[in-house]
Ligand SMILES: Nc1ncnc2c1ncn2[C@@H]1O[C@H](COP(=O)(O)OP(=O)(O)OP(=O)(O)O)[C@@H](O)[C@H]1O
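One chain comes next, on its own, written out as C-alpha cells in the form predicted on its own.
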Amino acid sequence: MALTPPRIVTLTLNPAVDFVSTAPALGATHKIRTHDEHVDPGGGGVNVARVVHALGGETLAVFAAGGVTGRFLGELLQEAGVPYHCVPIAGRTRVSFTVREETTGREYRFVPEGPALSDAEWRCALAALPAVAGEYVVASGSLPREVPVGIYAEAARLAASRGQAFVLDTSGEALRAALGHGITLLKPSLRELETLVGRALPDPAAQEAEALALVHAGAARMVVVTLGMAGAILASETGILRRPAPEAEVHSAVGAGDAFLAAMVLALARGAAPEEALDWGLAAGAVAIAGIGTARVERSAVEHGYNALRASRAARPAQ
C-alpha cells in the first residue's frame, strides 16, 4: 500500500474504555482473580482509527465522550498517537470488560449500554464531520440512548454532499434506517445480515444471495459480510466474491471486525481493487484475533499476512 493515503475520518457515538483480562475459570459468588490485563480505547470507529493509524494511514477519530472515563479514553488515544476530536457530553463514557477463561478458551464480554446523549450533544457530533477533511467517513458502532436511529442516514447524506465515500458498520434499526442513503461500503456480520433479512442464512448460497440483493436494491455500492473464522463475502455490481479466513490462533475476537474494516477501507482509499482490499481486511482480522486486547495489530504482521494470502492464491491452479 502507498505511504500517503487520503484521510479516513471515523465517527463513534458510543465509545468505550475496554478492559481485557484472563482468569483460570469463571464462577459465581467467589472472587475471580485475573491476570494479563490490557486496556484500550474502544468503540467501533475508535478501533478503526487505531488500526488505520497502526497501518500507516492518515486518520481522525471523531467521538462523543464524557466524565473521567471519557478523559481516560482521550489519554489512551494520545499515548497511541491517534489524532482525535472529542465532542464533550455530560454522561460518563462506558467501560467494557472482557474476560478469557483459560480452562475453556471461552471469551465472556460485558458491554454496558453507555450514556444517553442529549439532542444538542448528538447534533454537535454530527456537525463535527463537515468541519474536518477526509475522503472516507467511517461510521461504526452502536447508538447511545436517546439518539435517533436515522443519524447514520444523515451522516451518509452529509458525506455524499461533500463527495466523500461513506462506510457503515452498525446493527439493528440504525442499520436498516441508513440503507439506500449513499453508502459506499456496508459491513454487517452474518448475524447482523440475518437480523436485517429476518431469517437464518445457514448455507453459502443464501448468504451470497442476500448480500447481492442489498447491492441490487441500492442499499450500498458494496456489501462485505464478515463470517468469523469462515472468512468473508464481498458483494458488488460485478458479482460475489467469497474468501476464506487465514489460519490463526484465536486469543481474542474483540475488535477483529473493526481491524478487518480498517484495513479494507485503507486499501480502498489507497486505490486497491475491492478484491485486494478484501485480502487486506482478512489479513488484519487474523492478526487481531491472534493478539490479546482490542484490535491490536502491527503493520508488519498485517503486511506479511496479506502477502502470504496473495502468494497462496497465485500458487493455486486455475479452476
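Start at 1 and count along the sequence shown; that's the residue number. If you're wondering where the values come from, they're calculated on a predicted model, not measured in any experiment.
The same protein also exists as the form predicted together with the named molecule; that form is not shown, yet it is the one meant from here on.
Taking the partner from elsewhere, Ser189 is found to have a heavy atom lying within 4.5 Å of the named molecule in the model of the complex. Although the partner is absent here, Phe63 sits far enough away that none of its heavy atoms falls within 4.5 Å of the named molecule in the model of the complex.
In the model of the complex, Gly285 approaches the named molecule with a heavy atom inside 4.5 Å. The closest heavy atom approach of Ile32 to the named molecule in the model of the complex falls outside 4.5 Å. Each of Ala245, Ala256 and Phe260 comes within 4.5 Å of the named molecule in the model of the complex, counting any heavy atom. Contact annotation: of the candidates Gly150, Gly231, Pro130, Gly180, the single residue with a non-hydrogen atom within 4.5 angstroms of the named molecule in the model of the complex is Gly231. With the partner removed from view, the residue among Leu227, Ala80, Val99, Cys124 that has a non-hydrogen atom within 4.5 Å of the named molecule in the model of the complex turns out to be Leu227. Stretch-level contact check against the named molecule in the model of the complex with heavy atoms at 4.5 Å: of 156 to 164, 190 to 198, 114 to 122, 89 to 97, the positive one is 190 to 198.
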